[in-house]
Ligand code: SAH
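Shown here is one chain on its own, the form predicted on its own, set out as structure tokens.
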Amino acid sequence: MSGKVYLIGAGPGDPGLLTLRGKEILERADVVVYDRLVSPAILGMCNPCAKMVDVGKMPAHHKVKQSEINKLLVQLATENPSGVIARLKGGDPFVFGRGGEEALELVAAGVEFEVVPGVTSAISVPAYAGIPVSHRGIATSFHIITGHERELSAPTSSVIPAKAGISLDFDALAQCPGTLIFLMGVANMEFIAKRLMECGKDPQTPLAFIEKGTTPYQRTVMATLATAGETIARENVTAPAITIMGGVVELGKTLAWKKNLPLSGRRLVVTRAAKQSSGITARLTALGAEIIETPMIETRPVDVKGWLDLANFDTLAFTSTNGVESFFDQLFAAGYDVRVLAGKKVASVGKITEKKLLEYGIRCDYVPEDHTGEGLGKLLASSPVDQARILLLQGNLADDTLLKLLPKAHRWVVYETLPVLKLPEWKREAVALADAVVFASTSAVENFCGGSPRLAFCIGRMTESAARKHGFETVTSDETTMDSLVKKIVEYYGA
């Protein structure tokens, strides 16, 4: 009677490389045990109610020893009968990921487990640097080698004895015509390069160090076998990094594609609610950015009494997409459908809200050129509508701008906004290292609890004003649309 453990490969860093199977398990996991190299964006996919356990390892400093992790998985499975325990590991669990050791411990304890393979960094990271691990006429094989099995020092032969019966046979590696890919070997690479040359490998063999592969911070440093050590020191190459050797490295000078993306190297915090953020997240990710989805507010519908009173109104005015969704959720729950809106005029504060209404089959009659509450109020005040028969559908934090411009109108609060009071530690750390934050509402600004960064990309003048009040340097979209905001972000970083 124990939970089931899933050994999940998170891939090399880019959340888009997480498998669908892995994502499905994370979304329903009761406990997630994760490593240091797992992307914050992937952690953001986990069940928000899951217990998050950080067992991350740093070079030369193991936060939790492997033997302790093995026992922890058994303990968590025992404590959570019928539970889903996700062991989230960078890359692939069985490619130098010590997943086999964890699986053996689970077998010994009688705990059911499943392996969910991940995209290994050995292949994907070079691909993101434009380096194919095999290429016709250059390399017909590739070999994945650990460079961190043990301290490599003062060998008495070309074979370096290692733990668990594994060894590095430098004679064989030096004669290998294929691509050599070393994982976790930067600290030992000067020695490895020296031994390979002593065993006959050409000192001019092209070599590349690729740091933080597939993330926005990916960096490729070219060298040769002869210059490996001095290049590491001069360029300050640090882990996590892989080393790839062979003629295929030269192709990276022509085929590198990721570094050309306009937002490559940028981490942005998107503060919209998860159900609203997918569009902008997908666009910014495709442009090379790493996105940390960090909603600062939560919304929930407010029970509205008196749906039959809709007959007393001729014009319905919506000031946000949250208002649209809450209104229709409650309308349908009360047993009505869009037919109750027949003959009524519909107003939207801007294009984003207008687009949301269109998803429900509703076309807007009034959309101001100035996409603000003030713009909407002035438009309706100057239109041939009976102000006493205007219904404003808003949230509990909406200000009185519309009511001041339309004093005879009626207001229904259809949703309430609640602040997210605290971020989990892993997300707080990710936000602190971000380049900028993206705000789409004043409430997100008011409730921002992430500390740094201090640059904000904003939709609309009201959001911009709120961000400035809180000390942000602001860049504001020309129009209140996601397309305009994305364009402004690209222009800012491309300047």
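Only a predicted model underlies this, so the values are computations on that prediction, with no experimental measurement involved. The first residue of the sequence shown is number 1, and the count goes up from there.
There is also a form predicted together with the ligand; it is not shown, and the following applies to it.
Novice: Against the ligand in the model of the complex, would residue 242 count as a contact residue? Criterion: heavy atoms within 4.5 Å.
Specialist: Residue 242 belongs to the contact set for the ligand.
Novice: Residue-level contact is defined here as any heavy atom of the residue lying within 4.5 Å of the ligand in the model of the complex; does residue 183 satisfy this criterion?
Specialist: Taking the distances in the model of the complex, the answer for residue 183 is yes, it comes within 4.5 Å of the ligand.
Novice: Can you tell me if residue 37 lies within 4.5 angstroms of the ligand in the model of the complex, counting non-hydrogen atoms only?
Specialist: Taking the distances in the model of the complex, the answer for residue 37 is yes, it comes within 4.5 Å of the ligand.
Novice: Can any non-hydrogen atom of residue 390 be found within 4.5 angstroms of the ligand in the model of the complex?
Specialist: Output for residue 390 is no: heavy atoms all beyond 4.5 Å of the ligand.
Novice: Only one of 271, 321, 348, 121 has a non-hydrogen atom within 4.5 angstroms of the ligand in the model of the complex; which is it?
Specialist: Residue within 4.5 Å of the partner: 121.
Novice: Report the residue, out of 96, 113, 415, 128, that has at least one non-hydrogen atom within 4.5 angstroms of the ligand in the model of the complex.
Specialist: If I apply the 4.5 Å criterion carefully, the residue I get is 96.
Novice: Report the stretch among 86 to 94, 332 to 340, 104 to 112, 382 to 390 that approaches the ligand in the model of the complex to within 4.5 Å, counting heavy atoms only.
Specialist: Only one stretch qualifies here: 86 to 94.
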